[in-house]
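There is one chain below, alone, in structure tokens, taken in the form predicted on its own.
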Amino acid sequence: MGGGGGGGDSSEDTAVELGDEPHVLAVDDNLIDRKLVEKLLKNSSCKVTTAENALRALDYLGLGNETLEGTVSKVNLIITDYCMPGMTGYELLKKIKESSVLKEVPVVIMSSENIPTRISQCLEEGAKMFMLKPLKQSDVKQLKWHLMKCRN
């Protein structure tokens, strides 16, 4: 057969092109929800990185206190829970939108609570979508459509 996936080294020079799997950062403090989102995204041919809280996500994205200068991970979409200890998904969204490097990355907020003021607050701050948990495969299809639209 031969040939497939040599090296497995996904360094900076492998820019994400339309043929590649979109890279999604999934942030949720709840392990079960995080695993569900990861599974749904992987079923939809996405590359997934998970973080258990907003601070870890910021470190991964190159915006945290623990980050080395110049280490920015390339992601095509960030999906985050709203309610998390330490820093909410809303605060994470604001930090991402303040970043000159990451402000163009679409952010989707998910929550198990359907609170209209919270939803509109997130959308006004720049979230692409607000989704209710638990996520379903149809939600992820909608996400993927947004990703493709953003990349064209």
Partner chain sequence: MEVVQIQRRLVDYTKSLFMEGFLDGQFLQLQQLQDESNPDFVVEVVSLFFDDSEKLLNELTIALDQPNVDFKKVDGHVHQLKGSSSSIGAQRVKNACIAFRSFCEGQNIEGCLACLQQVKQEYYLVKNKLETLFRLEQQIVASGGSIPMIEMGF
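Residue numbers count along the first chain shown, from 1. Remember, it's a predicted structure, so these values are computed and weren't measured experimentally.
Only in words, not in the display: the form predicted in complex with the partner chain, which the text now covers.
Look at 123 to 131, 99 to 107, 53 to 61, 33 to 41: in the model of the complex, residues with non-hydrogen atoms within 4.5 angstroms of the partner chain sit in 33 to 41. With a 4.5 Å cutoff on heavy atoms, T49 does not count as touching the partner chain in the model of the complex; it lies far away. The shortest heavy atom separation between M87 and the partner chain in the model of the complex exceeds 4.5 Å. Of the heavy atoms in E91, none are within 4.5 Å of the partner chain in the model of the complex. Remark: Q142 does not count among the residues lining the partner chain in the model of the complex, judged by a heavy atom distance of 4.5 Å or less.
Residues of 108 to 138 placing a heavy atom within 4.5 Å of the partner chain in the model of the complex, in sequence order: S112, E113, P134, L135, K136, Q137.
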